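Shown below, as structure tokens, is a lone chain in the form predicted alone; questions about how it binds or moves come after it.
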């Protein structure tokens, strides 16, 4: 698919330019120590409370991290879990992650195809996590496929925690929307070089051009519908109608198991 190829190219180029920034874009001046410490802080803030609430003990468990990037949170996952499948569409991102995390033999690096978890065996994961990833997916069809793949990968009783954008209204003003609309129209037409040149001329970051960055918003009701139809139970949604929405739940026992 052309859109998948574009996603890979975009994220490889972002990794070459400034991998840490495009993973955690609230800073441009990350050093390795601060970058990985931020991942540990996000684990304590975002992940550990949910696992504790669900009486989930990670010590002997296997987990899947969707969108591992340069390993910002992968390092803490590898310390907490027995095994980590670290998945990303960008070979360049993973190359950097492997360099930083070469002392962790319990990480399996999987280069994704952008829509599925084809490298992950069905019913093999106790926990699946995704943060700052689904919001960048360029189409609802790809998001739908990925959400169903998450349930396929989980063991019955396995837990998932996913962040997504469910904002109903744009977060930028009309001038910003107009500028980005022009630039992204060039990107969608396959004119990536022209789109980046136009972005630079408009004082926009050329590496944030295209739907592989701006992505899609998904209604919380749609997330619920897709996941429940795939077998999810005990769904909990927070941050609805905001860019920082979360969904957690449990994979139900499959009828054909």
Ligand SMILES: C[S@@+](CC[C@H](N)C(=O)[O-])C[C@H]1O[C@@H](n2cnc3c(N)ncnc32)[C@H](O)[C@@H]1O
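Values in this document were obtained by computation on a predicted structure and should not be read as measured data. Positions refer to the first chain, counted from 1.
Same protein, other form: the form predicted in complex with the named molecule, not shown, and the subject of what follows.
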| property | result |
| --- | --- |
| All of 54, 75 and 127 with a heavy atom within 4.5 Å of the named molecule in the model of the complex | no |
| Any non-hydrogen atom of residue 246 within 4.5 angstroms of the named molecule in the model of the complex | no |
| Residue 114: touches the named molecule in the model of the complex, heavy atom cutoff 4.5 angstroms | yes |
| Residue contact check: residue 68 to the named molecule in the model of the complex, 4.5 Å heavy atom | yes |
| Contact test in the model of the complex: residue 132 vs the named molecule, heavy atoms, 4.5 Å | yes |
| Interface stretch in the model of the complex with the named molecule - options 101 to 109, 134 to 142, 175 to 183, 151 to 159, non-hydrogen atom within 4.5 Å | 134 to 142 |
| Proximity to the named molecule in the model of the complex, single hit among 120, 97, 147, 89 (heavy atom within 4.5 Å) | 89 |
| Heavy atom contacts to the named molecule in the model of the complex at 4.5 Å, residues of 7 to 39 in sequence order | 7, 11, 22, 23 |
